[in-house]
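Just the one chain here, the form predicted alone, laid out as structure tokens.
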């Protein structure tokens, strides 16, 4: 197993080095902790990776001495006594690399100033999404981990349904879901679990509060589990008692939008085409103006990754990318409906990882 992991890490680093060569980079500083995990296997929360051909070096502090030496693959481990960036800069003095890349999206302005100070005389190049582009296409081992994470979330959802009774609060249901995901093996939640009742379901990212559930109300549950570093994401809307006619119609429209969008998911389809399919379905119901966010996003080591499933996004879907499809309709003062699947792009049609039923569910 260790040899298999080393081979995977070696291949990832090799692909990054090829991209670096295209950018004419001799050295790249990787500071995004998710990218560091992807490239080395390190699961800690503090580190800096200096990527160079045949000479990658990982810098961390003494808290992670043992962990780094146990986990890091395909890189030298340096335990820095002070600032990690200063330690990396000192190591760079041994190199004649004229152009150094860094992750512009992960560095604050103050951090950029510090890089300029420590690497004075070197040319710097801010890079956006270089490692993230590699992470779009998942290995089958990553997909299997996400499949298990989705299963954990699905189990927690199903087991929580019996608790949805009049008088229970949004906070209580959120806590129940989080507890059950943990019991089934989740390291933590993918994000703060979203639970909303009644008219509050019209808030796409409602925070669970003290609101009590009443009869004949809609319930929105948006949840995800992280397992072995990989996230899952799902949303279901269910009803306690008879749904209002407007919400029942909204549910029909959102389910149609989800199914139409999933039909066009395949390698080579532009992200904007998937988004357009969902909006076209909602437009048939004259509800498209109540869909106020993008249709989906990539998922992996982070809950929001590339690609973005949205309008004016020409990026093509890649085989083995993991994405969500999550159309919604939000009617102010009445309530909202969202249904979200996590799926893997396959040439013969998407593999849907989210298990719970999507047909309208009345409790």
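Because the structure is a prediction, the values reported are computed rather than measured. Numbering follows the first chain given and starts at 1.
Omitted here: the form predicted in complex with a further copy of the same chain. The next part is about that form.
Stretch in contact, per heavy atom within 4.5 angstroms of a further copy of the same chain in the predicted bound form, of 87 to 95, 258 to 266, 240 to 248, 176 to 184: Result of the contact check: 176 to 184.
a further copy of the same chain contact in the predicted bound form: residue 69, any heavy atom under 4.5 Å: Answer no; every heavy atom of residue 69 is more than 4.5 Å from a further copy of the same chain in the predicted bound form.
a further copy of the same chain contact at residue 198 in the predicted bound form, heavy atom, 4.5 Å: Flag for residue 198 set to no.
Residue 114 within 4.5 Å of a further copy of the same chain in the predicted bound form, heavy atoms: Residue-level check for residue 114: no, no contact with a further copy of the same chain.
Any non-hydrogen atom of residue 286 within 4.5 angstroms of a further copy of the same chain in the predicted bound form: Result no; residue 286 lies far from a further copy of the same chain in the predicted bound form.
Candidate spot 13, 138 and 151, all three touching a further copy of the same chain in the predicted bound form (heavy atom, 4.5 Å): Not a single residue of the candidate spot has a heavy atom within 4.5 Å of a further copy of the same chain in the predicted bound form.
Residue (of 205, 280, 123, 214) lying close to a further copy of the same chain in the predicted bound form, criterion heavy atoms within 4.5 Å: When a further copy of the same chain is considered in the predicted bound form, the option within 4.5 Å is 205.
Residues of 188 to 203 having any heavy atom within 4.5 Å of a further copy of the same chain in the predicted bound form, listed in sequence order: 188, 192, 203 sit within 4.5 Å of the partner.
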